[in-house]
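Below you will find one chain, with nothing else, as structure tokens; this is the form predicted on its own, and questions on how it binds or moves follow later.
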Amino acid sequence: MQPLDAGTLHLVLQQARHGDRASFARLVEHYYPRALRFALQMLHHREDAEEAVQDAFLRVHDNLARFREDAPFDPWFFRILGNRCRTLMAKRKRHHETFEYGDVPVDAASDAENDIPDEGFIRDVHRALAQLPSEQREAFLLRHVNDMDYEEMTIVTGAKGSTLRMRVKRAIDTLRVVLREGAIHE
């Protein structure tokens, strides 16, 4: 599949807003890889990430007619996806709090490890990202992986620009330290 340029994406969005199923399918094809990468980095669990992405696309489908054509689509979409990820993280946290010692599945930790590429530095970056608090990880991913500006990020997260700048800075500082320590321990 060829990526959609800005003009084609706008046309596809208009057609999808008017109920064209093929256009919505193109929209899903276009955003799915980025959405899944974002959700995997946020949740560190493939099934949860796939569920979050699927839920996000369902919500987009159900609310696409209300999307303003003059607004950028990326922040709107990633706000919905980010909300789904946060909901699943909260659900998972509540679920883990109800586990009693000894009830933890043996392979629970292996899910996240299976989604990490087995390539030196990239693997180290994925592991370092996993150590960030979720708000810093989300801000870092939106800024440096999804290439959003701070105005778009405020739409996605609802946080102020200054807060997001601080989260990104702290994420970078933490990543720098974690990656440096990882290099020392090897």
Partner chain sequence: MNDRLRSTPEGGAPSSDFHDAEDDRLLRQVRAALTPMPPVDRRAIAQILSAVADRKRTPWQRAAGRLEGLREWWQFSTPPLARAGAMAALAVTVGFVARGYVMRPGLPVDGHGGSLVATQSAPAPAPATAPAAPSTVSPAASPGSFQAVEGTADASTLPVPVQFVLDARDVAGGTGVSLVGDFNDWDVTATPLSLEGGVWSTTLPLPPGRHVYAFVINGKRWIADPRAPQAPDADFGRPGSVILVRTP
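Everything quoted here is computed from the prediction, not taken from an experiment. Positions refer to the first chain, counted from 1.
Although it is not shown, the form predicted together with its partner chain is what the next lines describe.
Candidate site formed by R34, D147 and D173: every one of these residues places a non-hydrogen atom within 4.5 angstroms of its partner chain in the predicted bound form. Looking at D124, you'd find a heavy atom of it within 4.5 angstroms of its partner chain in the predicted bound form. Of the heavy atoms in R66, some are within 4.5 Å of its partner chain in the predicted bound form. Within 4.5 Å of some heavy atom of its partner chain in the predicted bound form lies at least one heavy atom of H61. Its partner chain in the predicted bound form comes within 4.5 Å of a heavy atom belonging to L141. Shown without its partner, the chain has R21, F24, A25, V28, E29, Y32, P33, R34, L36, R37, L40, Q41 in segment 9-41 as residues with a non-hydrogen atom within 4.5 angstroms of its partner chain in the predicted bound form.
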